[in-house]
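Below, in structure tokens: the form predicted alone, a single chain.
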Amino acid sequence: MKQIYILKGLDCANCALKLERKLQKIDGVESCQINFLAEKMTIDLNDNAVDKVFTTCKNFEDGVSLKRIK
């Protein structure tokens, strides 16, 4: 299922790319795209991967937060 999130708290575009690559390696994540400037993450995943995605984002860098918009 495709979901869109507001992604706050990343320090730089390079960090966004590193997080995107890390999320793409999670079982159940079909695709992930982070737009650093728009602070938006579009991710296609199954229900089993949702918790892992949230945990990975929150542990990636202090202050990173996700809010689902779609």
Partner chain sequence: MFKKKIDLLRIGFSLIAVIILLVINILYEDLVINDIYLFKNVVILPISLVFYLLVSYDLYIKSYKQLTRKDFFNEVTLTLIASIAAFAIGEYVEGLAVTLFFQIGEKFEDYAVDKSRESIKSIINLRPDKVTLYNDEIEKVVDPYEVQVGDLFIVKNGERVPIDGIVYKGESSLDTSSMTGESIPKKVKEGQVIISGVINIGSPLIIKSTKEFYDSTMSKMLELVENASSNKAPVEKFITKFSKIYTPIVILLAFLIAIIPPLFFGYNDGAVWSQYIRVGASFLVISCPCALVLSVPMAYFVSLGQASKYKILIKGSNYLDKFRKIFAVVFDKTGTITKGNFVISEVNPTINHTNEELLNLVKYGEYYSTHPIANAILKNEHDSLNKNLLADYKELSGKGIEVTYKDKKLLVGNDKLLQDNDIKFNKASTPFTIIYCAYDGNFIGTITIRDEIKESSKLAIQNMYKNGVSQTYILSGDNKEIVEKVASEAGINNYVSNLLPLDKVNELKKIKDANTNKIVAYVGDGINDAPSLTLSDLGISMGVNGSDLTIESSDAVIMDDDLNKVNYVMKISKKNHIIAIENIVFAIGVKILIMILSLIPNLPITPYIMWFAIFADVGVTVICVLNSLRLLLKKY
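Everything quoted here is computed from the prediction, not taken from an experiment. Positions refer to the first chain, counted from 1.
Only in words, not in the display: the form predicted together with its partner chain, which the text now covers.
Peer 1: With a 4.5 Å heavy atom cut-off, would you call E39 a contact of its partner chain in the predicted complex?
Peer 2: The answer is yes: E39 has a heavy atom within 4.5 Å of its partner chain.
Peer 1: So, in the predicted complex, is M1 in contact with its partner chain at a 4.5 angstroms heavy atom limit?
Peer 2: No, M1 sits far enough from its partner chain in the predicted complex that none of its heavy atoms falls within 4.5 Å.
Peer 1: Might V50 be said to contact its partner chain in the predicted complex, defining contact as any heavy atom within 4.5 Å?
Peer 2: Looking in the predicted complex, residue contacts with its partner chain do not include V50, since no heavy atom lies within 4.5 Å.
Peer 1: Can any non-hydrogen atom of F60 be found within 4.5 angstroms of its partner chain in the predicted complex?
Peer 2: Yes, F60 lies within 4.5 Å of its partner chain in the predicted complex.
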